[in-house]
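Coming up is one lone chain in structure tokens, specifically the form predicted on its own.
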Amino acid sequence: MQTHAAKRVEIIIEAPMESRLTEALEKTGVTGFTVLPVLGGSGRSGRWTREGQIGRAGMVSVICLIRPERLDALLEAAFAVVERHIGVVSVTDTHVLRAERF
């Protein structure tokens, strides 16, 4: 089966910033993404957990699979949102089966 090169971008950001981030991604032409809750972790400030937090407090992970030529526009849009907030952006090489969906 033939696979096609793609980029997997994962953006972990404060949950209240989710809609601002996803709107910015859509403006760059991102046609799909997945949003997952982040239950806890550890970073520069030490360990943290979502347990006991009220409402939309905490973090979410926004995952996108895109064509490599669209990466720069996505990263610029993501950075415009993430730069003033807690967040991490990672990019990995991946392969997809149906390139026409990205």
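Please read these numbers as outputs of a predicted model, since none were measured by experiment. Counting begins at 1, following the sequence as shown.
Below, we refer to the form predicted together with another copy of the chain, which is not included among the displayed structures.
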Evaluate E69 for contact with another copy of the chain in the model of the complex, applying a 4.5 angstroms cut-off between non-hydrogen atoms, and reply yes or no. no
Given that another copy of the chain is not shown alongside this chain, does G29 nevertheless sit within 4.5 Å of it in the model of the complex, heavy atom to heavy atom? no
Do any residues of 1-25 have a non-hydrogen atom within 4.5 angstroms of another copy of the chain in the model of the complex? If so, which ones, in sequence order? M1, T3, R8, E10, I12, E18, T22
